[in-house]
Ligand code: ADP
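Okay, here we've got a single chain as C-alpha cells, the form predicted on its own, with questions on binding and movement later.
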C-alpha cells in the first residue's frame, strides 16, 4: 500500500487466544471482536493463533469451514527447523489462521515459565513472521498482544536475521501484571537474538529476561486498553519497577478504550436468555430476574435488589473487599449472586457464606456461559470493586442489559462508569479508595436508589444507550496504523 493512503492497510493480529476458539480472559474477547470492527473500517486484517488442544474441534463444532493450507510454515529456533501446519477459516469476514504443531500441545498459560515452557511462544512469534511466505499475503504491521506474543517485536529489533527486515509492530498491553519473566540461559542463544540484546536498555530485568519489557521497548507503538490505565501503568504504585520503562516509552503509548461485541451482547436478540427485551419493553428482564432468583434458591417475588457478579475469583477483582464485608451484606437488604472460579480461599469463603446465609448469598462455582447471561440480564446491580482493572468488559455488558454497575474508579472502570451523583448525571455508582467501607458506601447508595423506581429507570436508560461498540476504537487504531506507516 502507499504511505499516503489509508485503504487496504494490512494488519496481522498475533494472539495466543481468541474467542470463541480459545479464551481465558479479556484478551480473547478483544482478539475475537476488534478485527471484525477493523474489517468494517476498511482495514485488511487477519489473525494468526496457535491451534491449542481442542481448538480445531471447536471451530468445526461451530460449523465453520476449515481449510488446510498447502504449505507449512517454518521457523528456525534452538538450532532446529520448527514447522507447523496451517488451517484457515473465516469468521465474520476475518481470516483466521491456526498453527498446528507439537509445540502447541501444552498449556496456553503454563504455571511456571522457563526455557521449555516459554519456547512455544517464541516459536509462535517467529512462525507468525514467516507466515507470509506460505499464504502469499504480507502484513504492513504485526499487532501483538501481551507477553505471549511480545517476543515478536523483540525479534524484529534484535534477532540476527529479522532485525534487517524493517518490519513494524505494535504492542497492546491488556494486563501489565503478567510479563513473561524467565532465565536468560539458554533462551537468548536458542531464540536467535543477538547477545547484545540482553541488557538493561532492552529486555534484561533484574538479571532475568522480561519478554513484555522487551516488547514495550522494541515495538514501533504501544497501546493499552483504556486511557486511565495508560496513565496508571506509568506509576510505581500500579506497575512497580516496570513503570519506569513504560514512562520512558510514553511517547509511543496510547490508551484506546476496548469495546464489546454488541451483536453478541444484545438483550434484544440474545439466544441464551429465555426472553428478549429492550429499553422500551423491559418485561423480559423482569421475567429473567424471577428465573435467576428461583435458580439461586431465593424468593422470585422479592422486592430486594439483586446484586450480581460474574468474575474470576481473584484478588485483582476486589474479592478481598467482598470477603471482608461478607458478614455485613445480609443486613443491606439485597440478594447477592456470584458466578465464578478462582482462588480456593475466595471460593471457600463464598461457599461458607452461602451456607450460613442461604436466603441472600449464593455462589455458582465455575463458569457457565448461559448462566453468565442469566446473571447479566436478571440482575439489578452489578458489583465490580476491582483493585486494578485495565479496561473491564463486564461493566459495559451489564449496562447493556439494564444492570447498573457499582465499581471502583480505576482503569477502564473510571473511563466507562460515571457516578449518578455527578452534576451531569451518570450510569452507575462509584468509589475511589480501595477499601471495604468505600465499596459498601457505593453499594448502599445503589440499593437505596433502587427503591426510587423513576430514578432507577433513568439510570438504566443512560446505561443501555451508552455507545460501547468497537467502531470508535477501530477508527483510532486505523489512524494509529496509518501514522506508523507514514513515520
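Numbering follows the first chain given and starts at 1. Note that the coordinates shown come from a computational prediction; the quantities given were computed from them, not determined experimentally.
We do not show the form predicted together with adenosine-5'-diphosphate (ADP), though everything after this point is about it.
Proximity of residue 369 to adenosine-5'-diphosphate (ADP) in the predicted complex falls within the 4.5 Å heavy atom cutoff.
For residue 289, no non-hydrogen atom is located within 4.5 Å of adenosine-5'-diphosphate (ADP) in the predicted complex, even though that partner is not displayed.
Interface residue remark: residue 312 is counted as part of the site for adenosine-5'-diphosphate (ADP) in the predicted complex, having a heavy atom within 4.5 Å. Not displayed here, adenosine-5'-diphosphate (ADP) is approached by residue 23 to within 4.5 Å at the level of heavy atoms in the predicted complex.
The contact residue chosen from 97, 376, 187, 142 relative to adenosine-5'-diphosphate (ADP) in the predicted complex is 376, the criterion being a non-hydrogen atom within 4.5 angstroms. Between the options 277, 265, 198, 87, the residue in contact with adenosine-5'-diphosphate (ADP) in the predicted complex by a heavy atom within 4.5 angstroms is 265. Heavy atoms within 4.5 Å of adenosine-5'-diphosphate (ADP) in the predicted complex are found in one stretch of 393-401, 246-254, 165-173, 128-136, which is 393-401. In sequence order, 312, 316, 317 are the residues of 312-338 having a heavy atom within 4.5 Å of adenosine-5'-diphosphate (ADP) in the predicted complex; the partner itself is omitted from this view.
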